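Given as structure tokens, the chain that follows is alone and in the form predicted alone.
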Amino acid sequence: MFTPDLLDKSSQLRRKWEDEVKRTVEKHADQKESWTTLSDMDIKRLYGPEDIKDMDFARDIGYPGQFPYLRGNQVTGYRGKYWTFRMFSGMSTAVETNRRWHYLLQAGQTGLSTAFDFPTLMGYDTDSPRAKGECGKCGVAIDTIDDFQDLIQGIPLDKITTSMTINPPASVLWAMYIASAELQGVPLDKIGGTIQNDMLKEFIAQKTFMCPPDPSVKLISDTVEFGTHHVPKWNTISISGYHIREAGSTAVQELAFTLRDGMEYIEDATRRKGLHVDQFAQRLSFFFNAHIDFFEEIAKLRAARRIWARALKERYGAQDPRSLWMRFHTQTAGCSLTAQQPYNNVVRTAIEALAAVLGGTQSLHTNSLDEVFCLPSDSAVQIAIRTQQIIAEETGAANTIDPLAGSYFVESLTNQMEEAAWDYIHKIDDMGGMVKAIERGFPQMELSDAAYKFQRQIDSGEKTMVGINKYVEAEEQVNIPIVDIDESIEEEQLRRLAAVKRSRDSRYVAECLNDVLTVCKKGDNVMPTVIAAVKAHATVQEVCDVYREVYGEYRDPGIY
């Protein structure tokens, strides 16, 4: 990176500067002794050429659209196209969520993103005893394809991409999307979007379970195989670090566990399905958290691209350059939002969103200021979407590609992040892979320890959270409109579900579910039979109950 003469001159200047620092520190003895990132990575007082002297520009940095893709996949960056403005939304009924979707599209959103209620997330219908009181509370309730038709009413599926945050029943919800496209007359090779479909991070962090790890990964590989052959524009997995970070991980743990999950999915699809990595790697996507430590987050996202490109090329023999691209969505950190002084959340979200943009995200969700209290209101959502639009069109952040490249600090921190992530990845390799590591409780314990340590740091004041342990108001007057989901929503959803069950051909539904049972037992791909079942108005739970019958149910061992 630098000539010996330049490095020698830099060392001389640094020594002179260090002498000045010593005299200054002696006069200001109250300064902190150590400075770290939010995730406790040590930060030097100053960075210079010697901190990145071992880097090779062509090998380690390069240009956008060139290996190792540190600076982005697209050669034109945001000048060619802004990131997708994709606000997470889902509330009460499918009809109400559809209304919010149309509102967001009119406000300038360019992609849809769906939150589901807890019963749907866990593969249960609204009429299940386990679902009582939860209908529509944290997202939209979907029981049958009729609900799904209401959800997408007026949405052109061949023009708008849709992301669905769904995991255990991902194959069933995706089947409803596919069936709905067919009913709209839209060819499957024209629809685009994402199902999260990442069960490994569920076992690590978010904890919505259905089946044990191995059959859960098998179902994911089924969707990868089906998408590869029939739905080529669909991202069949969104490998998610977001929830790992929300569960208390450090930035390095989020990076390492997320990418090792992705490697596990590649290994399963190539082994179980006989696919070559270049057949499906282009449709793998990622989902990261943008937390409040500005430079740490930028370094994390840059490191993620380089790690992934190197892994795909060197570990898995990918030949197609696009297989080496890490394509990812980013969401600002929900765990950084506070109920105290909630309007501070607007500031936090803006900073986190800017970090995501400077890190090169392709898609972004900005949290609403009221999400710590309730589902976001229309006014809070508008502020959140306007935050993205201001970053895109007023700040100049999108004018040039990877504007922080070459920064001694950012490049050094990126290298530090990558090295620490690879250490974790190699540990998991030595355990036999991520499934084996999960069964041993390794990532779960790492998250638990990190979350405990951070909370201790907040409680002691070692780390600052404005409004929580510093600049606290003795008496707060907060006037946040609360979005309430009325209990009548559940009653209406139960009536709708009962009406569908009365009117459908129950004998044909039973035949379709038996077909799902048969392919599950044989180990074949479930997608064709699941699509047929949901078209026949089989419910989410009815299909998931087949999965539970064949593969068993997972119970979290409760590792602390």
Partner chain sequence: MANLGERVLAGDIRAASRLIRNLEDGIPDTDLIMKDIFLKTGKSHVIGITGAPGAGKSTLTDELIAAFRKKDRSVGVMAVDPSSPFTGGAILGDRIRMMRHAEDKKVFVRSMASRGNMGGLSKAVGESIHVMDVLGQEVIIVETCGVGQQEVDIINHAHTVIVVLVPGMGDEVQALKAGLMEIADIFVINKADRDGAGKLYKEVLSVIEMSSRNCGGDGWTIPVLMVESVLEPHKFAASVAALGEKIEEHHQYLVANNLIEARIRNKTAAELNEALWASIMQPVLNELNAEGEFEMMVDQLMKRHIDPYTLAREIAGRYMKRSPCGDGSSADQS
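Positions refer to the first chain, counted from 1. Note that the coordinates shown come from a computational prediction; the quantities given were computed from them, not determined experimentally.
The same protein also has a form predicted in complex with its partner chain, omitted here; what follows describes it.
4.5 Å heavy atom contact, residue 440 to its partner chain in the predicted bound form: The answer is yes: residue 440 has a heavy atom within 4.5 Å of its partner chain.
Close approach of residue 4 to its partner chain in the predicted bound form, 4.5 Å, heavy atom: Heavy-atom contact with its partner chain at 4.5 Å: absent for residue 4.
Residue 13, heavy atom within 4.5 angstroms of its partner chain in the predicted bound form: Contact check for residue 13: no, nothing within 4.5 Å of its partner chain in the predicted bound form.
4.5 Å heavy atom contact, residue 550 to its partner chain in the predicted bound form: Within the cut-off, so yes.
Candidate stretches 270-278, 410-418, 432-440, 227-235, one within 4.5 Å of its partner chain in the predicted bound form by heavy atom: The contacting stretch here is 432-440.
Contact residue in the predicted bound form, from 108, 403, 317, 212 (heavy atom within 4.5 Å of its partner chain): Exactly one residue meets the criterion: 212.
Members of 1-15 lying within 4.5 angstroms of its partner chain, judged by heavy atom, in the predicted bound form: Heavy-atom contacts to its partner chain in the predicted bound form: nothing from 1-15.
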